[in-house]
Each structure stands twice: as C-alpha cells, then as structure tokens.
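Shown next as structure tokens: one chain only, the form predicted alone.
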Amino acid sequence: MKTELYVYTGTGNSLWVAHQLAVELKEATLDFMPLLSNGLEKEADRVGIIFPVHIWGLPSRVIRFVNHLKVKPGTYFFAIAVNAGQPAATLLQLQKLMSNRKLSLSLGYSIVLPSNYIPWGGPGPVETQQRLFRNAQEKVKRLPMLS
C-alpha cells in the first residue's frame, strides 16, 4: 500500500512527528507541503497530513494544500495535528474542509509536544519536554494505520 506523508512545519515539531511516522511505516514517502498549489495530483492509497495547530486552527498552507489536492477515488486520508495541548476543533475544521471537496478524513490524531509560543511560557522545563517527546513517540507507534 503506497503511503505519502505531507508535512507543514514551522519550528520542527511537526517534522519530528512526520519522521517518526515515516520510520514506523517504512515504505512511506515524506515530503513538505508545497508552497505553490499547482500539480497536486497524488496517486497514493493513503495520504497523511502532519501539521502544527495555529491559533486553534489549520495553518493557511494546509488549507491551500487540501483545496488543490487531486487524488484517486477511495484514497484513505489521515491527519496528525501537532499542538501544545489545545488542538481545539482543528481536526473538525480539516474534516469539514475535506468534506467540502468530497474527500473523507478517515482518522485524525492530536500529538502534544512542547509549546513554541514564547508569550505563554515557551516549551517549559527540559524534563517536561523530554516526557512529551517520549509520549509522542509511543503514541505514533500505536497509531492504527501501523497495524
């Protein structure tokens, strides 16, 4: 089963999650979401979208990617919303966006990693950061698409 992973990252947390998932999936390809929206025809059986939560919602790059994506019928979509503990309705927003395009989000997960938002305290103590990364790594290993 061909799996393509697409990541949008600002500080690296989402890229770290995408790499962890790519290691577990073994045969998956990993690429960045393109800045331009041309030529987004994908032939994969499964498409994974990994992105950070921005102000309790989808980043504009993810919205643009989904709005221009062309896939074969029956493509299995899954998404991982990387956040600091407050994903809010981000995955529901993605599900609605995809539904408007006649696409179906089959699985959505939230992965909590250290915050990158300095005005609210930043990433916290090193011990907390290490715990969050260990927990995230274990959660990625248990994702249903790996079984």
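Since we're looking at a predicted model, the values are computed, not measured. The first residue of the shown sequence is 1; numbering continues from there.
In what follows, reference is made to the form predicted in complex with a small molecule, a form of this protein that is not presented.
Student: Thinking of Thr9, His54 and Pro87 as one candidate spot, does the small molecule come within 4.5 Å of a heavy atom in every one of them in the model of the complex?
Tutor: Answer is yes for this spot.
Student: Going by a heavy atom distance of 4.5 Å, is Leu30 a contact of the small molecule in the model of the complex?
Tutor: Leu30 lies outside the contact set for the small molecule.
Student: In the model of the complex, does Gly108 come within 4.5 Å of the small molecule, counting heavy atoms only?
Tutor: No, Gly108 stays farther than 4.5 Å from the small molecule in the model of the complex.
Student: Decide whether Asn116 counts as a contact residue for the small molecule in the model of the complex under a heavy atom distance cut-off of 4.5 Å.
Tutor: Yes, contact at 4.5 Å.
Student: Any chance Val82 has a heavy atom within 4.5 Å of the small molecule in the model of the complex?
Tutor: Judged by the heavy-atom cut-off of 4.5 Å, Val82 is in contact with the small molecule in the model of the complex.
Student: Which one of these stretches, 92-100, 63-71, 45-53, 22-30, sits within 4.5 Å of the small molecule in the model of the complex when only heavy atoms are counted?
Tutor: Stretch 45-53 is the one.
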